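In the form predicted alone, a lone chain appears below as structure tokens.
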């Protein structure tokens, strides 16, 4: 089972949805970084459940503790262990589901692979695991900050309702993490209607990384967009990723799709900031498609652990739309990839001859 992500900057997450704690071990952080724990906590607060009727009602404070790798507020170069306790776990809610697989979840595929599973809210497959990613990603953001790199995401569509405006400042204050207040109001109505019907809706989140210099990433198998795509697709509810104009590029001509080069860099950004697997200096733009939350209060067909037909109604605390809470998770995964790319680039420069 793979629980480790990254090459130079590596993160391993641990814990289950209704276990005593979740967390992450971050290895490869250079010594001497001031670890602003208040910033890490603010990032976790953005992902925390129980903040409105538009998200899961589970009440978790998600307070992070640092067990190692930091002394007097500064990283030592040793592995950093981050732990987040669980205070509002209710495994009893899942007792009726212990012998049945929830449609849309990884219950059945996990069982098919391992022959054993944690049925308490999906265990390791639960979205709660992403809190550990956000904590680790916050440290990656602290690494990127002095390099002038910023990563920000926002919801641009929910239930087919698209945002017209992109405004990171507005999105930061919006319960739906959307930069278009008019669209957000319509999105909220759609979420509440789906919730009232026992159903759920999906959405699209856009992530933009600015300040990334040209030259990060590798050609062929180590392409920066391939690494970013893999990182974003590792988020449970994400089913598709596109960069720049993405699928729309398939309907363009080369004369439209190419980004002309100027002494200041690309004149446009159809490629989304990456060419040949390497950053080109333009903002890196990625969008992820998020499926409707699989846990719904509607009876569905399924099978039990014996392979027999069954019916299931998955009551419990769940997000009627997971897109807003994926915003800080998407940022964290992009930040982890970019911080790793920055460290790889620094290592490359250390062993490369000077450019004439």
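Predicted, not measured: the structure shown is a model, and the values here were computed from it. Numbering follows the first chain given and starts at 1.
Unshown form predicted together with another copy of the chain; subsequent notes refer to it.
Only one of 151, 212, 171, 235 lies close to another copy of the chain in the model of the complex, with a heavy atom inside 4.5 Å, and it is 235. Of the residues given (327, 44, 296, 55), 296 alone sits with a heavy atom within 4.5 Å of another copy of the chain in the model of the complex. In the model of the complex, another copy of the chain sits within 4.5 Å of a heavy atom belonging to residue 333. Interface residue remark: residue 275 is counted as part of the site for another copy of the chain in the model of the complex, having a heavy atom within 4.5 Å. By the criterion of a heavy atom within 4.5 Å, residue 175 is excluded from the residues contacting another copy of the chain in the model of the complex.
By the criterion of a heavy atom within 4.5 Å, residue 314 is excluded from the residues contacting another copy of the chain in the model of the complex. Contact with another copy of the chain in the model of the complex, defined as a heavy atom within 4.5 Å, is made by all three of 108, 112 and 342. Within 4.5 angstroms of another copy of the chain in the model of the complex, the stretch 260-297 places a non-hydrogen atom from each of 260, 261, 262, 263, 271, 274, 275, 276, 278, 279, 280, 287, 288, 289, 290, 291, 292, 293, 294, 296, taken in sequence order.
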